[in-house]
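A single chain comes next, written as C-alpha cells; it is the form predicted on its own.
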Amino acid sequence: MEQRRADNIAEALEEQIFSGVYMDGDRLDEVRLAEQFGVSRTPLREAFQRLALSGLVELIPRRGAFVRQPGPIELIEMFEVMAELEAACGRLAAMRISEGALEDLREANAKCQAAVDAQDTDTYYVENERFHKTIYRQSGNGFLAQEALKLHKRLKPFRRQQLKFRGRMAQSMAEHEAVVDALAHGEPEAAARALRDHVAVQGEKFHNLMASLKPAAE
C-alpha cells in the first residue's frame, strides 16, 4: 500500500515537472507536498527516491530534494545507450527465449492493444514495462539484464511521456509485434534492429520529447 502510494506521488510529481509547474532547480517542499497529497513524509521521501533514480530530482543532504531536468544532449545519450542495450537483449533472446516467455510477450501485447483501443496510457505503460523486462530476462545474461533494467528505470518518466504524443501508442504497438515476430522466428539481427528502432529517439520522436520538456526548461 505504502509502495503504491509512493509510486502514485512520484507519477503525479513527474507530470508537474513535465508540465512546468516545477522548474529546473526548484526545491520540493516536503511539508507542503505532504499536506497536498494527504500523506506522511515517508511515502513522499520514497517518491523522491524514485524520481532521483530517473534523474528528475537531485537529493542534497541536509538541503532537500531539487528538480533537475536533464538537458537534451544528456537525454539523447541515455536513449542511445538504452537502444543499444535493448538491441543486445533482443539479439540474445532470439537465440534463448522460451515458449512460455513468448506467450508472456503475446499476452502483454494483447493487453497493450486493449489499452491502445481505450486510449489508456497508464495501462499501456505497465504492460509495455512487462514486455521489455521479459526480453531483458530472456537474454540469459544477468549482468546485461540488470544494466538494461537500471537504465529503463532512469528513463521511465520520459518513456511514459512519449506515449502521450498523438499516434505514439499505436506505433509502439506495431513495433512490439515486429519484435515478437523476430523473436518467435529466432532471428537475432531482426530482433536487435526492431528493438533498437523501437527505443531510439530520432526525428519526430526527438522533436516531440524536446517540446514536452520545454515548459519546464523555460
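What we label the rigid core is the largest C-alpha set whose atoms superpose within 1.5 Å from one form to the other. All values derive from a computational prediction rather than experimental measurement. In case it trips you up, residue 1 is the first one in the sequence shown, and so on.
Note that the form predicted together with the DNA isn't included here; everything after this is about it.
Contact annotation for residue 30: at least one heavy atom lies within 4.5 Å of the DNA in the predicted complex.
Heavy atoms of residue 171 never reach within 4.5 Å of the DNA in the predicted complex, leaving it off the interface.
Interface membership of residue 182, defined by any non-hydrogen atom within 4.5 Å of the DNA in the predicted complex, is ruled out.
Although the partner is absent from this view, residue 45 contacts the DNA in the predicted complex, with a non-hydrogen atom inside 4.5 angstroms.
This chain is displayed without the DNA, yet in the predicted complex the stretch 56 to 64 from 56 to 64, 154 to 162, 174 to 182, 189 to 197 comes within 4.5 Å of it by heavy atoms. Core-superposed comparison between the shown form and the other one: CA of residue 185 displaced by less than 2 Å.
A movement of the C-alpha atom of residue 45 reaching 2 angstroms or beyond is seen between the shown form and the other one when the two forms are aligned on their rigid core. By 3 Å or more, the C-alpha separation between residue 146 and residue 10 shrinks in the predicted complex relative to the form shown here.
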